[in-house]
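Presented as structure tokens, the chain that follows is alone, the form predicted on its own.
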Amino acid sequence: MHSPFYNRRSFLISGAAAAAAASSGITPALAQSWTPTATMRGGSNNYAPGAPLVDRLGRGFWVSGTVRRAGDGAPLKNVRIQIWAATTLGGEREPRNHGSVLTGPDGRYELEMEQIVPNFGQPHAHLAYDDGTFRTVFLRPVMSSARDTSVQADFVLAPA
């Protein structure tokens, strides 16, 4: 059996590299490239430009996620995300099923709404970023079951 060779020099070099990474805010386990989120097919169906900012669109179902900048993954605050879906109140075109929220300082957003129901056989939500600072992205996450009470959709946005 061959044992690895360790000496004081290799120990100091490894320690210095780890300290440099830690002081820069980058840790080896977290260092990664954040690639932009691609628009999903069918994501823009029934989109209504300028949906108002809302506190909620009902009760019992939660849509949430995070919004980050492509490249470095920095959380983006005060980014407007539009959300709409077919719910127990009606279809995707129903104005009571459309609303926008802003992300917090940590890039997180959430919106409580009525229970999402299947539309064309699939329970799903629609989400959009379209404010112009970054490239427009439409998402259409499909839930695994019509009984789910939440869905999450994360955005990684690239400059426009």
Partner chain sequence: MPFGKGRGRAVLIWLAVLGLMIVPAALAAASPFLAYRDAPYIAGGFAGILALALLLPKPLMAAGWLPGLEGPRGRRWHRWVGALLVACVVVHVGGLFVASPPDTLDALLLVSPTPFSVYGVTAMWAVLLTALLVALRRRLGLRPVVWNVLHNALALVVVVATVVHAVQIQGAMEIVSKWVLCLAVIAVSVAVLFDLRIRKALRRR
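Positions refer to the first chain, counted from 1. Note that the coordinates shown come from a computational prediction; the quantities given were computed from them, not determined experimentally.
What follows is about the form predicted together with its partner chain, which we do not show.
Comment: its partner chain is not present in this chain, but in the predicted complex one of T133, N46, T35, S64 has a heavy atom within 4.5 Å of it, namely N46. Under a 4.5 angstroms non-hydrogen atom cutoff, its partner chain in the predicted complex has G90 among its neighbouring residues. Remark: R41 counts among the residues lining its partner chain in the predicted complex, judged by a heavy atom distance of 4.5 Å or less.
Within 4.5 Å of any heavy atom of its partner chain in the predicted complex lies no heavy atom of G107. Contact check for V54: no non-hydrogen atom falls within 4.5 Å of its partner chain in the predicted complex. In the predicted complex, V117, P118, N119, F120, G121, Q122, P123, R140, A146 are the residues of 111-150 with at least one heavy atom within 4.5 Å of its partner chain, listed from first to last.
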